[in-house]
Each structure stands twice: as C-alpha cells, then as structure tokens.
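Here's a solo chain for you in structure tokens, the form predicted on its own.
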Amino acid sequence: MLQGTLIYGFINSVILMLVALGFSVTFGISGVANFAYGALYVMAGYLTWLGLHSLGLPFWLAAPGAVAITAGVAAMIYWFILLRVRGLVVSEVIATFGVGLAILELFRYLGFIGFEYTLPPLIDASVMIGDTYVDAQRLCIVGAGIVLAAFLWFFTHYTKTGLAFRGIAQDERTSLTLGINADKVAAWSVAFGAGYAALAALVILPLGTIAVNEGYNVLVNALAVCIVGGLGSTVGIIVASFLIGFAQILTATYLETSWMMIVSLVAILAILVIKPSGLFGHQKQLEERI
C-alpha cells in the first residue's frame, strides 16, 4: 500500500505541476492572473474531441490544431480585452474570470455534457512497478511533465522570445528602453501559458471524461500550487506540486477521494495566513503585512 501511495503521489504531483506551469508563466511575465485558464484547458480538450469525431482528423493533426487555436484565443483575449484594463489588477481578474465563465457555460449550453466526451490515451497499456499496476498514460504524463518543464527552462534561457519574457518579468521599464514591446511580449506570454494548459489537457484528460466542471477544478488546483509555491517562482511551483500532490493522495487513501479538492483549498488558506507571498515568493508588500 505504501508503494502504491508513493507512486500515485508522485504522478499526482506531476499532474498538478503540469496544470500550474502555464498559469505561473503568464503571471510571472505579464503579471496577469489568468482566471480563464481552467476554461482554456477544457476548451483544448473539446476542440481535440471535435477534431477527432466531427472532422475525422487523426490525433496527430487534431491535437496540435487544438493547442494552436487555444493559444490563439488566449492571445485575442489579451489584445481585445485585457489590454483595455492593463495594470488594473481587479479589473484584470474580473475580466479573465468572466471570459472563463462564458467559455465554460457556452460549452454546457451547447450540450457538451456526458461520458462520450473522452480523449484516447497515447499508449493503451499498463505496466507493473513493484507490486503496483500503473497504466501507461500516467507514465506518459510523467514524461510530458519532465519534457515541458525542461523545455520551459530552455526556452526562457536560450531563445530570443524567452529572454524577452525574462526581461519584461525582471524590469518592464528597462526592457522598454531596449526596444522590447511589453504588450506584444505580454500577449505572447498569455498565449504561451494557454498553450501549456492545452498540452496538459491532452495528456491528462484521457484519464477521465472532458467535463465543464473540470475547468473550475483545474483553476483551483493551479491557484493552490502557484499561491503555495509563490506566484512566478518555478522552483516554488515544483515544490508546492509535490506537497499538495502527496497530501491529496494520502487524503484519498485514508479518507475519501472527494476530499482531495479540500486539500487544495486548505493549502491556499493556510499559506495566506502563514506566508502570503508563498514558500518561494518574493513579494515584499505581502511579507510586510504580517
């Protein structure tokens, strides 16, 4: 039982890291808390499903198309909505939350409810690790988590766009003097974060069905990981993913699976009381208030 708890705790931690990476990247670079993040995650799943079943496309074509469309929608949200309220934090939160709510409820209104909305697993098999059965899709999730985390580090350190991301994140005014277009980079960061959400959806959603309510759960989990780890801190995201991930699995093992979401909510409340900037956050304004 202990071995199974450790294995599934590790996998659940990687899942949390995957759903939080995109949210953290967007906030760390543009300062925008994208509350439409969960809706974009679900939208990528539905778009892939539509590509497979309505258009008859193969998965290798439907999946990249869904990722590109999701990233494009996120970029348009920035240019047509967020740019008008840029710098007004409360307005940004209300705007993104409103857009996310509209996307999710639109899918519900159009009848995307039911168990038929599923994505195929990348590998339909299972393996034995010690005395524990693990399906290959969960191993694919672990692989995807490692690859996407490594690519994010490479992208932000060795590409022109990634270096512009870091420049804006560190000092927007200085970056402007160097000719970096802050609004363009911010739009790219919102699209980049949405693309990561879509990629996470493609590997995680085959574990169950695509559901509108999953968008709310993804948003809560992403917020919990980012707030506990410290908004904008990649190391914090990884550490918080493992803390909350193992806590959720222990809760599911010894209590009820329905309590797993409670763990995320309790983690948010606890860190806001003890250390509002998060474990690895460096927001002095928050630190000075306690």
Partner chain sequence: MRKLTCILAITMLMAGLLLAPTGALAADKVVLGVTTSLNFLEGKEANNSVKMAVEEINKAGGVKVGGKMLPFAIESIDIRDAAPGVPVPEALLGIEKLILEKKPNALVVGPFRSEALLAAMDMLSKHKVPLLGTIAMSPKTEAMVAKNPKYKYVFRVSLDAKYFVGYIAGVMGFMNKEFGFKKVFIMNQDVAWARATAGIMTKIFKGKLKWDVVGHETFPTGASDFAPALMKAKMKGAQVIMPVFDMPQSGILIKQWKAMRIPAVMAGFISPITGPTAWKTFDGKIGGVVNSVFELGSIPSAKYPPSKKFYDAYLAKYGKPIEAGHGPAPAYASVYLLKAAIEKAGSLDPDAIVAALRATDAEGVMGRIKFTKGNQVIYGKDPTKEALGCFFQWTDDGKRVIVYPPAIAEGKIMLPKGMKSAK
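Since this is a predicted model, take the numbers as computed values, not measurements. Numbering follows the first chain given and starts at 1.
There is another form of the same protein, the form predicted together with its partner chain; it is not shown, and what comes next is about it.
Although the partner is absent here, Phe115 lies within 4.5 Å of its partner chain in the model of the complex, judged by heavy atoms. Its partner chain in the model of the complex comes within 4.5 Å of no heavy atom belonging to Leu61. In the model of the complex, no heavy atom of Arg86 sits within 4.5 Å of its partner chain. At least one heavy atom of Leu255 is located within 4.5 Å of its partner chain in the model of the complex. Of the listed positions (Ser126, Ser91, Thr161, Gln170), a single one reaches within 4.5 angstroms of its partner chain by any non-hydrogen atom in the model of the complex, namely Ser126. Here is the short version: of Pro206, Gly145, Gly100, Gly193, the single residue with a heavy atom within 4.5 Å of its partner chain in the model of the complex is Pro206. Residues placing heavy atoms within 4.5 Å of its partner chain in the model of the complex fall in a single listed stretch, namely 116-124, out of 72-80, 116-124, 194-202, 177-185. Annotation for 1-24: interface residues with its partner chain in the model of the complex are Met1, Gly4, Thr5, Tyr8, Asn12 [heavy atom within 4.5 Å].
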